[in-house]
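Here's a solo chain for you in C-alpha cells, the form predicted on its own.
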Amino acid sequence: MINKFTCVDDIGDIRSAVEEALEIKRDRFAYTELGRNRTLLMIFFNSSLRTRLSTQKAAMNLGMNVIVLDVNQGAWKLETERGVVMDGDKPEHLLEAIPVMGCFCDMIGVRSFAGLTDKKADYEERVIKQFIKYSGKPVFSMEAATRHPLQSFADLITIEEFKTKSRPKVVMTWAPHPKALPQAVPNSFAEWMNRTDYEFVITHPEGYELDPKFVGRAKVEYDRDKAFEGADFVYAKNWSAYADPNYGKVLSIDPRWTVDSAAMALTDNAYFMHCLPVRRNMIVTDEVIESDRSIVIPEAANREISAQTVIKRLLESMK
C-alpha cells in the first residue's frame, strides 16, 4: 500500500510490481470500478506528450475523472519560493494554490523539471515535496527535478518483455544534445536498474558523472565501444553535468557519441531504447532508431502500464 510515488523505493518489491503491471497489460479494464467517482488532477509545470497521454489514459482505464492543468499557460503563474516579495509576474503562491487544488481532486500527479541553476534546490525536490506536504492527497511524480520514476518503471517492464536471457547486459549511454538537460531520466533509470540483477553499465565522457547515490553498483565505463561490447539493451540519453562547478552545463556535443550502426554492431544484437522525444542524428541515427531492434515505441506504450499500476496502488491505499 502506498500514498505517494516519487522513486523506486515507493513501489516496494520490484518483481511483484512488474508482475502486476503485466497482469494489468493483459486486461487494462479489470479495475474500472476502483476509480469510479474519483478525480485525478494532473499538474504540468513543463511540457509533455507521452506523460500527459499515458497517465490520462491510465486513469481513465481505472474509471477516474481527469483534470489537466498547465500551470504556465492555463493558470496563474505560481511563485514556488518562500520569503519572496511577490511584486513580479507571479500573482499566486504555491502554498495557497496547492491546498486549493487538493479541494477538487482525490489524487495529484505533478510534473516539474529541474531549473539547472541551483543544484541544492533541484536535488531537494522542493516543488513535489510541497505538494506531498500541503495537498492532503496522494501525490505521484510525472517527472521531478531528479527522477522520472514512471518512465523508469516502463523501461523495466519493456526490458522484461524483450529480454532473452535471465541476466541481460543493459548499457546506459550519454549522447550529445544541443541544450542542457536534467539528470532526472538517467538518475531514475540507474536507480531502477540497480534494483535488478541485470549487468548494468553506464558510459559517458569524463565530466558527465552522475550523483554517486544514483550510480550505485553500476560499472562506469568511459570507453563507449568497450561498454557496448556484448550489450543486450542500449539505453541512450543526454544529460548535463552534475558535478560543481559545471552543474547544468553542456560540456560536450561530441558527435562520436551519437548511437549509430557501427556502435550497435559491437553489441549482442542489442535492442535500442530511448525515453523520447529524441533528436535524430544527434542522440541516434535514423538507421538505428528505425531498425527492427528499436523498441522505443513499445517502450513509450508501456508508459500507460506503469502509470496504471501506480495509480491503481494509490487508489487501493485510499480505501
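Don't overthink the numbering: it's just position in the shown sequence, from 1. Quick caveat, the model's predicted, so the values are computed rather than measured.
Although not depicted, the form predicted in complex with a small molecule is the subject of the following passage.
Considering the small molecule in the model of the complex, which of L276, A262, A30, I253 comes within 4.5 Å of it through any heavy atom?
Answer to the contact question: L276.
Of Q56, S294, S48, T285, which residue is found within 4.5 angstroms of the small molecule in the model of the complex when only non-hydrogen atoms are counted?
Result of the distance check: S48.
I'd like to check something about H148: if you look in the model of the complex, is any of its heavy atoms closer than or equal to 4.5 Å to a heavy atom of the small molecule?
Yes, H148 is a contact residue.
Does the small molecule come within 4.5 Å of any heavy atom of R111 in the model of the complex?
The answer is yes: R111 has a heavy atom within 4.5 Å of the small molecule.
Taking 4.5 angstroms as the heavy atom distance cut-off, pick the stretch from 91-99, 148-156, 194-202, 125-133 that is near the small molecule in the model of the complex.
Single hit among the candidates: 148-156.
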